[in-house]
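Okay, so here's just one chain, in structure tokens, the form predicted on its own.
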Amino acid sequence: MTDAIVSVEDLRIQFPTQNGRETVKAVDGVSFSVQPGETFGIIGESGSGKSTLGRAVVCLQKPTEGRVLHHGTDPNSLPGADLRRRRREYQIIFQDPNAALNPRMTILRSVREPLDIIGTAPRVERERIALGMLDLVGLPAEFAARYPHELSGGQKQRVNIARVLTVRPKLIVCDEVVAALDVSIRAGILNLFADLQREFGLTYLFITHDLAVVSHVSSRIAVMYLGCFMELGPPEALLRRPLHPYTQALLSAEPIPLPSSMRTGQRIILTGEIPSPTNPPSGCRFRTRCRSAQDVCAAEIPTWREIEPGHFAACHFAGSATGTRS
């Protein structure tokens, strides 16, 4: 779809192992599109390929196979100067707010740095823009002269958000942006993202392992496991009627603020370890840990299909044994 701000087509990203005889299949055949103004959530366990996928969207990682399209154009096919201009519109904010900042730079210089690299505006104008962005994310002007070690984790993440905003991106990949923050700080950062989306018309690719967070902020949620999408749908449909056994297991693991005697749902315990991405299982990736696995799950790769309007799953038995959450 050319009107999509990002389209991912059968994306595969592989990395060679140290011995050179195997490859890690970090992302293995993922396709989706993100529309302007949308918040597209991606959830999954550590090692599922979420961050690698996010880095590919902003051209920090080249595809092994498949394509990532920005408004219908493959940015990886552009000449260097054109690619750099295109990448300004597609930015990423990382999980660790401290590691993302240079400890020797003042906050103002860190926020101004993208504009310094572009170098098309006078220094006075660049500083004005940087100070304006700091104010926009809730940091007063006196923070400009401070250094990262003088700020809290939440304040550092606000600095990273301000820095990204200086280049006026169309899409921001948020890679576990609240995972390293205290619970009391997370709500403020999430509310800030919502405010910025309304003000600037931003589009988000929101990557997390926290189902409560992603369901709160997302228009659609993709569930990722071992490099592949297992399920995709609106948050209300995903929470109320999960179609894939893996999604059902994730939902059953969500903490419920009730005594055990009052809980109606039963916890689904996944047995076994996550298979190695160098040698994933045949057929369905999840079958080695799935309580509903049949012979067909090992013999055939399940088809990615639309089970309900806007609700997709890759499971031979999707929808046949789903739980309903009220």
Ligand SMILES: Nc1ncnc2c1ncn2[C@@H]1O[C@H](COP(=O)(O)OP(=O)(O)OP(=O)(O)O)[C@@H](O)[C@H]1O
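Only a predicted model underlies this, so the values are computations on that prediction, with no experimental measurement involved. Residue numbers here begin at 1 and follow the sequence given.
A second form of this protein, the form predicted in complex with the named molecule, is not displayed here; the remarks below concern that form.
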Closest heavy atom of T39 to the named molecule in the predicted complex, within 4.5 Å or not? no
Residue-level question: is V24 within 4.5 Å of the named molecule in the predicted complex, judged on heavy atoms? yes
E45 within 4.5 Å of the named molecule in the predicted complex, heavy atoms: yes
The named molecule contact in the predicted complex: T52, any heavy atom under 4.5 Å: yes
P63, E231 and W304: each with a heavy atom within 4.5 Å of the named molecule in the predicted complex? no
Partner contacts for 174-194, taking the named molecule in the predicted complex and a 4.5 Å heavy atom cut-off: E176
